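Heads up, the chain below is alone and in the form predicted on its own; it's given as structure tokens.
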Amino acid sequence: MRKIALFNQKGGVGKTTTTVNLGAALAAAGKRVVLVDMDPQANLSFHLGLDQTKVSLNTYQVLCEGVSLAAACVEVAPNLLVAPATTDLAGAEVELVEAAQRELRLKTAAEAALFVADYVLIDCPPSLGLLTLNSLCFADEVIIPLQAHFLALQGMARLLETCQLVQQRLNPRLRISGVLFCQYEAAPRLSGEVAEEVETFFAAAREQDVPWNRTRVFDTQIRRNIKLAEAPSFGQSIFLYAPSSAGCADYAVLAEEVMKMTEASDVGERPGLAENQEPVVEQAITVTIGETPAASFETQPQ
């Protein structure tokens, strides 16, 4: 079972769209897929036609009331199940502050009852709070949806450092497996500049003991497509709403790329840092337009 968190603390970069449509593509390929909605906005649940006033169990109850993750899952299509969210989930951040093992509630709930899946995709909220922390402690992999704009790079250092701290202290299996460019436009020069610099950054980390030393920038790029924006209002994935669209084609190819990552060189447990070893990360990304740096992020030694 591969457990993948879709994570970026910046909103509007395609986390929910990717979680839904990648999950639908994997399910269509015959894989059993569970989608976990960990965002209090409940956009993933709405995207798949689930009315939060009618669902009997949700991820708030999973985190705060001891409900197993398996019990909260609702089947929305063949091979595709969802653990839905409601706006009540916003209260979990406050309620869990004083709770024992507050970072491990989702992981514990998944282990509480028989839970069978080939893929678990977790839609994280656009924040670095306890909901995201629970997602990262349960997941083995992180996929970062990213726009090829310089503003989308802001905060990447904090994102990487968060994953590194979780890997070091709470979940030694966690690694960043991929970066996916969403809402991609091939024509603008900036898109190519950003993509090239991101690839250079992760390539330079291959020999370092960091959770992103095997991160790949996916060959698939999710092109900007109006059908992807329309699909949620019909409560459908892109595969049902617009099966002949560019968005459908892109997510089908992405699913194939993700499934091919099951080779040992792409997926597997990576060792944690040695005891008392301090993580040292001094890489930086700088995107330059002409002679002017357009954006940059860097991670500082812990």
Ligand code: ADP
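One-based numbering along the sequence shown. Because the structure is a prediction, the values reported are computed rather than measured.
Another form exists, predicted together with this ligand; not displayed. Remarks below refer to it.
Note on the interface: of 200-208, 226-234, 130-138, 109-117, the segment with non-hydrogen atoms within 4.5 angstroms of this ligand in the model of the complex is 226-234. A single residue from the set 183, 164, 171, 79 has any heavy atom within 4.5 angstroms of this ligand in the model of the complex; that residue is 183. Although the partner is absent here, residue 144 sits far enough away that none of its heavy atoms falls within 4.5 Å of this ligand in the model of the complex.
This ligand in the model of the complex is approached by residue 222, whose closest heavy atom lies within 4.5 angstroms of it. In the model of the complex, the residues of 1-22 lying within 4.5 Å of this ligand by at least one heavy atom are, in order, 10, 11, 12, 13, 14, 15, 16, 17.
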